[in-house]
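Next up: just one chain, as structure tokens, the form predicted on its own.
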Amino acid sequence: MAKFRKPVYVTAGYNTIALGPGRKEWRPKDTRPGIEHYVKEAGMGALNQVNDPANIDEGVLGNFMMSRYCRQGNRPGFIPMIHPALEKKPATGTEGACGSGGLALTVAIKSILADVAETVLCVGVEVQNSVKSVYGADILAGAGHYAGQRKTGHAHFFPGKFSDRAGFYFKKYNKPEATREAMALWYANAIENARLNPKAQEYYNDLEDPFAVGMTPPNPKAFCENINYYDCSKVTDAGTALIFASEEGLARLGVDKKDAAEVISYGQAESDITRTPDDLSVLWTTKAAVERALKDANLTINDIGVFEFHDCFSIGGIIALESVGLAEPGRGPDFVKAGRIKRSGDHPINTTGGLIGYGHPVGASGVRQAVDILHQLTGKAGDCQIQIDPNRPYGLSISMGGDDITVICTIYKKTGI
């Protein structure tokens, strides 16, 4: 992919709360907000940060399974619902499983680069708590090859997939105990960061020792062979939005560059959904997407100052460390145990909680990651704010759909540097 032909910026980020078990607002027996609520709140949250919604040229909505969770199709039709000024303007919907939000980012970027829009409202949404968990597991199995894998797969399909990855990793590197500790530390880091984020699903988590809880032995009779419940991201309802713009677009919206971050590259990679890789200790598609984005940005992985990893499961985060080149093969657990992913570490990852801490509204997570990188680079992350190294003024997000099938890596730069 060629380098960007002109600057592209993101601004006006907004996340709703991540509603689901763990939130004080969660009342399972009550009627809960529908997909319309989250699209509207997130979209208006972004539009309220610019001078006039009429200055938005088009919209894009990322979502995975509204057709099954909510019996609703036609994603683009929800963009005009956000504000009357968006009526009759172009809109697009994207679907790539858990990478649906990441795909929405790429559509917005391409519209700016193609000169067909100067401003694009990008929204991600998912409502999952509309069905019981056993039905939700079956819905989510659509992110894999349903016809070829579902019948022989685990009842909890995707936990089973990453349990298999964990088991493969344990055997390949012969360090199950050290890896189990690192997985528990990944969970603890997610909880510590989520406690700083009022919109995170785990914001109210008051466990005295998250690491000890994360060390709970897996119970294959009740769940999976190699992971426990704490290794998993949450079932979440949420929406998120931000605006992409050219330089002209920022001016039209009345946004100063200091309130925006520049998108300097993205890498997208796809794997054959019908095949399973022989070596489960590597996220091969993630590796390809990140390498492509770094090459186009003329950066190395060590130039990045803040990261958003797609930690749908703790073992996925550890394997990703190695797949993108932060840690040597087999040394991901050591990287975590050394504290390097913590907000005080040299490679802070998921500073607002990640998928395990913030929650995982599947089709929205890729957009949520972009919003949180934007907030970090513009100094608007509140209690989650970290100090951005002026020598490493870049943020990198990884949006992964399915078991490393659809992957989008996006790199952002702090403006004014």
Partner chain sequence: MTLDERLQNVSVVGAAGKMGSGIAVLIAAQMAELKEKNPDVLYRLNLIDISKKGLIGLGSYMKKQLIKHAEKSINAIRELYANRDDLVENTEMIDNFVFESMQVCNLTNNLDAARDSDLVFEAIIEDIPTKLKVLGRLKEICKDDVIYYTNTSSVPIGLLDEKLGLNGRIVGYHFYNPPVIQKLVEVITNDKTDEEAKALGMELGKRLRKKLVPANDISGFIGNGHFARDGLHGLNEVERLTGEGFSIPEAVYIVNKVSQTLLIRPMGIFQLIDYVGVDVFWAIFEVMREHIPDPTLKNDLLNKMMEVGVKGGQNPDGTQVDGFLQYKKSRPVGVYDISSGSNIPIEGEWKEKLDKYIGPLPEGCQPWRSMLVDPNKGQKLERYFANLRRSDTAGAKLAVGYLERSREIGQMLVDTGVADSPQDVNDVLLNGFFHIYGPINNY
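All figures in this text were calculated on a predicted structure; none of them were measured in a lab. Positions refer to the first chain, counted from 1.
Only in words, not in the display: the form predicted together with its partner chain, which the text now covers.
Its partner chain in the predicted complex is not approached by Gly339, whose heavy atoms all lie more than 4.5 angstroms from it. In the predicted complex, its partner chain sits within 4.5 Å of a heavy atom of Asp138.
Its partner chain is not shown here, and in the predicted complex it never comes within 4.5 Å of any heavy atom of Arg331. At the 4.5 Å threshold, heavy atoms of Tyr146 reach its partner chain in the predicted complex.
With the partner omitted here, the stretch from 182 to 190, 164 to 172, 284 to 292, 221 to 229 that lies within 4.5 Å of its partner chain by heavy atoms in the predicted complex is 221 to 229. For the three marked residues, Lys132, Arg150 and Ala155, a heavy atom of each sits within 4.5 Å of its partner chain in the predicted complex. In terms of contact with its partner chain in the predicted complex, the residue from His37, Arg32, Lys380, Arg68 that brings a heavy atom within 4.5 Å is Arg68.
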